[in-house]
Every structure is written in structure tokens, then in C-alpha cells.
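Next up: just one chain, as C-alpha cells, the form predicted on its own.
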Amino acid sequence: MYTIGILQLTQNLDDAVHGFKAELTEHGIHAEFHYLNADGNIDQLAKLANQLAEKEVDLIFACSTPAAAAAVKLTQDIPVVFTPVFDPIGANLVLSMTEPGGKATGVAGMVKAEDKLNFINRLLPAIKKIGMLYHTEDSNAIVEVANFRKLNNPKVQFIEIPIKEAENLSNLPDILPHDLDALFLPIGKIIEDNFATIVYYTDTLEIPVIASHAPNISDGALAGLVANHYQLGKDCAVKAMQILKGASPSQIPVDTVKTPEIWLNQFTADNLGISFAEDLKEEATEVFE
């Protein structure tokens, strides 16, 4: 029997853990799991990673960038499989996506910017100007914003709206340009944690919100093209099995989201007077009423 450590920053990624365990079970892998959750406290992750190392686990499944970083920094040579880390190279977890080169590999959870832009064009075909609200201290948000800057699309103009701290969101009516057709939210913890505040103001201003964090869609965003965390966990389990059978994580490529899902909120659409295209509804994985 194997011994596997699971290191998680918050419970938001429970689905990834469920998918990871389910895939191992489906393949007859018997393992004892040691699960540690920092409950959002990044400062606790190094301590928790050490606790897993003391249990001499065969592998650590790390959910979130900070959790993966804490596991990789352990002095012990324990393989690490991570998700949904958006920028594994920028986070210094791997040297390259094709040849990680160290003791970590995994599945990156960011949906490609070009895929999101195509989705936005299908969702709101007449859209011309969209705000992009992000936290300037969030590395994942910075990566996603940078990816959008590289897109060359003459149909949609992105207006960057950076905030330095959560308290800035109380001034949202003053910092949002008055002529936005929609507001896009790149992935980012501060934005996600304060989504209720954001949607309170955007509802008042009748601005549709396109989210990157799946739970924000059921909570009032209009729609999103999102990664399925359960599937990310299953894909990570495949890599974990390779490692447990002797492969080196340094030679196992990091994958990315292959099939992002369309999530729609019909209730929000009705309130905003927006009609979803029938083909979009047919393709949607989730439609919240």
C-alpha cells in the first residue's frame, strides 16, 4: 500500500481531491491518505508540508500554487503532483511544461485566453468594451491578464481595472468605466472571496459579469468558461500512478485544461435581459436557473 499526502490551501479545491482519489481507486491503487488543509492560511503550508514529510509519504498531491510551492521546497526528495497551478514555470515548480526537470509535475488549471475570448464573443456577440478587474498582488491574475494582452482581437477592447486591496472594491461604482458592456474577472483569490460585493454593484449598474472561478457563476455571474476540477484531479492521478510505479516527475510533462466547460446562469441572464444562443445552452455543462 502506498502512502500519499494531500496538501490543500482551501476547501475550494475539494473536487480535485475527489477526482484524484476516484481515479486511483478505479485503477486499483491502494493508498493511505494523509490530508492536511491550511484553511486559507498560506503561512501554515510549510509547516503542514513538513508534517507530511515526517510521515514519509510516497508522494504529495498539492492543490493550489502555494501548496505546491511548499511541497516542492521540502528538503526531502518527495515527488509532487500539483493542480490547478496556472503558471508552473513562473512559480518555479518546473523548468518547462514538456520537461519539468525536478520533483514536480501536474496539470495546470488555466483555461487559455484565446478560448475565453472566443467564448465571450459567442456569449455576447455585440460586445465591444469589457472591463478586466484584477488584484495586482495575485500572481495568477497577473499571468491571465498578461495572456489577454497578447491577444489581437479587433472586435473587443479590454480595459484593465487593477485593484491593490480588497477595500478598493467598495469604490467599484467610481472606478468602473461608465461605458462597459461587461466585466471579466480573471482568476484570483481576492476577487473570488469578495464576489458578493462585486456582483452587488454590477447588478445595480446592469453590467453582466463573466467569471473564471466556477462557484461565482452560480452566485450571480452571467457565465464562464471554466476548468473541471474533478477532471483535473483525475488527470493528476494518472501522473501520480506513473510516479508510484517508478517514473520520475522530471520527465512527465505538465498538462493543461483540455476540455473547459461552459457554465451559464439563466436567472442572471433573465434579469439582465440577455438571451443565450441555443447552441451555447446545448453545449453548457451547467445552466443555473
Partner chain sequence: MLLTRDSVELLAPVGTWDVLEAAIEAGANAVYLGGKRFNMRMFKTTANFDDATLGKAIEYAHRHNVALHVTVNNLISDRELDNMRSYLKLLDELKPDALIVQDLSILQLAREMNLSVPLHASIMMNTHNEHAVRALQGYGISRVVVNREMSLSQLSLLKERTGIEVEYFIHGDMCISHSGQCVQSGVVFGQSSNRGRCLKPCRWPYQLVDAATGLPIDDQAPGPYKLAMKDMCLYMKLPELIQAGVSSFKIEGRMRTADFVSGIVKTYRKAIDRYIADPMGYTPDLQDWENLQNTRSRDFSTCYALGNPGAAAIGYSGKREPRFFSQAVREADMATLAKRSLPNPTNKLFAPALSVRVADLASLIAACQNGANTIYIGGEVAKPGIPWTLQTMVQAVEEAGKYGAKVIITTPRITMERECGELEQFFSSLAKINPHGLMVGNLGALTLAQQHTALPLQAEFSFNVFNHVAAQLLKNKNVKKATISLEATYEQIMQLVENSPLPLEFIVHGSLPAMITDHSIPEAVLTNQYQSDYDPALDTTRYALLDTAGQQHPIMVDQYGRSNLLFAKDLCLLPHLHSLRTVQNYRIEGQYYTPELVGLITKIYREELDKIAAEQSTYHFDESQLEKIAAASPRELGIGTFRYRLSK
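Positions refer to the first chain, counted from 1. Note that the structure is a prediction, hence the values are computed from the model and not measured.
Form predicted together with the partner chain: not shown, discussed below.
At a distance threshold of 4.5 angstroms between non-hydrogen atoms, I187 is out of contact with the partner chain in the model of the complex. Contact check for L36: a heavy atom falls within 4.5 Å of the partner chain in the model of the complex. Using a 4.5 Å cutoff between non-hydrogen atoms, A196 counts as a contact of the partner chain in the model of the complex. A residue is said to contact a partner when one of its heavy atoms sits within 4.5 Å of a partner heavy atom; N92 fails this definition for the partner chain in the model of the complex, lying far away.
For the candidate spot formed by N41, A166 and N271, every residue has a non-hydrogen atom within 4.5 angstroms of the partner chain in the model of the complex. Proximity to the partner chain in the model of the complex, taken as a non-hydrogen atom within 4.5 angstroms, holds for one residue of N171, N153, N118, T98, which is N171. You can rule out all but one of 187-195, 105-113, 75-83, 154-162: in the model of the complex, only 187-195 has residues with a heavy atom within 4.5 Å of the partner chain. Heavy atoms closer than or equal to 4.5 Å to the partner chain in the model of the complex belong, across 195-213, to the residues A196, T197, Y200, Y201, D203, T204, E206, ordered by sequence position.
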